[in-house]
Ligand code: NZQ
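The data below hold one chain only, encoded as structure tokens and taken in the form predicted alone.
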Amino acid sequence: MNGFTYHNPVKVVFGAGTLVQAGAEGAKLGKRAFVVSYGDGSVAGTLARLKELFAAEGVETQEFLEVVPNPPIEMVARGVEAAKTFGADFVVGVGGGSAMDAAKAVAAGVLYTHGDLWNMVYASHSHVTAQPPEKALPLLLIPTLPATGSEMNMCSVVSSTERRQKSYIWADCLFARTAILDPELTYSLPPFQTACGAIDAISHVLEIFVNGQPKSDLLHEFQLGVIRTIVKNLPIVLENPTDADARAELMWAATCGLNGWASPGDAWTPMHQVGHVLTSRHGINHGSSLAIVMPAWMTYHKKIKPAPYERFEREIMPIADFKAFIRKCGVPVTLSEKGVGEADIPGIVEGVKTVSFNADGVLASNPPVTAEALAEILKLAL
């Protein structure tokens, strides 16, 4: 097992009905809560209840409801100005990964002193010029979609509409003070969102499993355990959306998939780098992008480095069955389903090269992926 340093300061409040604790937890962080979420009505009930809970604790709230998928830095900038005007003591993110990531970026942006907010972003892995934030307003995160694990990690994923790019802000100050994980908040999720979130959570540990260190018994058992848990419980909630036990399992599995427990000593997320370009250039939602990339990536690399893929097939399911499982859950598994053809592949490769290829001119993974290999993987995804 590789050596590592692990740090995660997030307090987790988990369980059905735990939203009721939000007021008391927020009051520990300040008296003025800046709530970042969606304006489409999807979490309106949760926001209304949250406002009541804060008011009962003497906490004033202001809502910023401009979050959209793949939160653009331009929207974050508006949130920063609104939070400053309000005089926010802390920031609350309510929703899926986009809402929590936007809340993190706003919390950091309020105190950012290095110019344009895009400077926070690791927009190129080959020529790193990012100046990550050094401090942020305290964060309270309340996920309503099990997927990204943002509630318990130090990452915020944002995009730039102008640059057609999507990448990371990565800093210790982005850890939440508290995360409230209430599975009841996920009962009303549409099936497609539920499935896309679960596929995203699978990808977080699958990428580490197939690309990471070859000898790490406990990590590999943990990674495969997260995948098994999601594979078992996703069909249950798609059949019965209010199954309390299955919803709880999905929520905790998604959190554990990207809070660092599955990956100490490893940091490989190459499939995500490809998925981000499918999103920024072709508008494919995040979960679908990974559903498309994963089977193609696995099929290509099984011939080159068979051991982890053969173990996946023994202990989870064959790659072909995994692809069929994703499709049965209602998520597309090919580029053609999203209107992307072979003529688009060079542009996708170039997009991945621009942001994610390292100084050696390859996409960091195990083994490293060249532009030519990436093109072949994308052809398998057609």
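Every value quoted in this text rests on a predicted model; they were computed, and no experiment measured them. Each residue number is its position in the shown sequence, starting from 1.
Below, we turn to the form predicted together with the named molecule, even though it does not appear here.
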| Each of Gly26, Thr61 and Leu139 near the named molecule in the predicted bound form, meaning some heavy atom within 4.5 Å? | no
| Which one of Gln131, Ser216, Ser160, Ser188 is close to the named molecule in the predicted bound form, taking close to mean a heavy atom within 4.5 Å? | Ser188
| remark: Checking Pro69, Pro318, Gly30, Pro332 against the named molecule in the predicted bound form, the residue with a non-hydrogen atom inside 4.5 angstroms turns out to be Pro69
| said: The chain here is shown without the named molecule. Which stretch in 96 to 104, 300 to 308, 115 to 123, 249 to 257 comes within 4.5 angstroms of it in the predicted bound form, by heavy atom distance? | reply: 96 to 104
| query | Is Val43 a contact residue for the named molecule in the predicted bound form, using a 4.5 Å heavy atom cut-off? | reply | yes
| request: Report whether the minimum heavy atom distance between Asn153 and the named molecule in the predicted bound form is within 4.5 Å. | output: yes
| Do Val76 and the named molecule come within 4.5 Å of each other in the predicted bound form, heavy atoms counted? | no
| Is His220 close to the named molecule in the predicted bound form, meaning a heavy atom pair under 4.5 Å apart or at it? | no
| message | Within 4.5 Å of the named molecule in the predicted bound form, counting any non-hydrogen atom, which residues from 278 to 309 show up? | response | His286
